[in-house]
Each structure stands twice: as structure tokens, then as C-alpha cells.
Ligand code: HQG
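Okay, so here's just one chain, in C-alpha cells, the form predicted alone.
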Amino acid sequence: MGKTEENAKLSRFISLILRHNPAAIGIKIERVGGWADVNQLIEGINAKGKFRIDRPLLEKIVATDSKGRYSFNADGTKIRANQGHSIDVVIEMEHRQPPEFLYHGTAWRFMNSIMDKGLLPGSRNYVHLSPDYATAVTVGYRHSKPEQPVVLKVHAGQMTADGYDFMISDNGVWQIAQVPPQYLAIMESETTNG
């Protein structure tokens, strides 16, 4: 296995720890902020024995992660996942006016439930929405492979006018507690994403 593939697997393991299961390596995540101690994270991963990591490698993973999954605190002593938690954490996010439309990629097998109940966070703390169609397609493939995903257009501007509150994470993922079905439309193709 090459270094790049090994680092990608390590990054996914870090994501699992910081978003879902810190007990896997015996560390704690702060409820407010979702922060973990960097030294404890490194020691816990190394003690587990599946991967070897040091501070420079962790910094490289954080800096080069294409999805911007992680952040260090101001003095670099703590690290967190920016969103996607299933554990009980409160991440400080900016409350902001969203664009008129946001997008959500998913699998066709979920559509009956979505069109009945809307978008719900499931095991996560919030529903994640993409700022553009292309990103939603990429996200949708994670849930629909090998089939083509479905992309939903979310009428975020109307939701805001109706009193819904949107937040945006440090890495640009829009988040909300739920999206009722009346604010959703199925996208036919990228040419209709306006």
C-alpha cells in the first residue's frame, strides 16, 4: 500500500474517532467545541497499533484534506472534525443567510421517506447541504454507489423567509436541523441547477 493510500485510510480513521467514536482509542471529545487534545489523539492512534502518526503527519493530513474535515484551535493544541458528528457535541458555527438554493445528494432508495418526512439528520446532529450541484452529486455517490445519485434542490431562501435558521461550518458545509418536504425539489440534471 502506497503512502497516499495509507494516509487516506489514516484520515478516515481520524474522522471516525473525532466524529463518531473517540472511545476507539480511549480519548474524550469536549462537548462544547468538539475539541480533542492533539497529543492524546496521536498517542491513542499509535497505541491502537493500526497506524503510526506524529505531529507533522497529522498537520499534513489536516492541511491537505480535500474536504476540509479538520481544524486546529488557535494554539494548535486541540483538533476537531468540522461537522458530521454523531456524538453529542456543540460546534460553533456561523449563523448566516444562505443562497437562494442549496443542494443535497442522496440515493433514490431514500426518496419515498424524504418526500414524506423531509431531510432529517439521521445519526448526525444536522442535515448537511452543499452550496452547489456538483458537490451534491459527489456526496450523493457516497450513498448511492453504484447507482446514479439523486440531487435535491433546497429552497433555502424561502426557508429563511419562513423563519428557518441556517449555519455554515468552517469548511463551507451548510447545516440545518431539518428540511421539510415542501422546500425540496428533485433535480433532473446539472443544467437545471439554477
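Predicted model only: the values in this text are computed from it and were never measured. The first residue of the shown sequence is 1; numbering continues from there.
The same protein has a further form, the form predicted in complex with the named molecule, not shown here; the description that follows concerns it.
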{"query": "In the model of the complex, segment of 30 to 38, 65 to 73, 48 to 56, 153 to 161 with a heavy atom within 4.5 Å of the named molecule", "finding": "65 to 73"}
{"query": "Touches the named molecule in the model of the complex: H143 (any heavy atom, 4.5 Å)", "finding": "yes"}
{"query": "Distance check, V173 to the named molecule in the model of the complex, heavy atom within 4.5 Å", "finding": "yes"}
{"query": "Touches the named molecule in the model of the complex: I91 (any heavy atom, 4.5 Å)", "finding": "no"}
{"query": "R96, heavy atom within 4.5 angstroms of the named molecule in the model of the complex", "finding": "no"}
{"query": "Residues within 4.5 Å of the named molecule in the model of the complex, restricted to 7 to 28 and counted by heavy atom", "finding": "R19"}
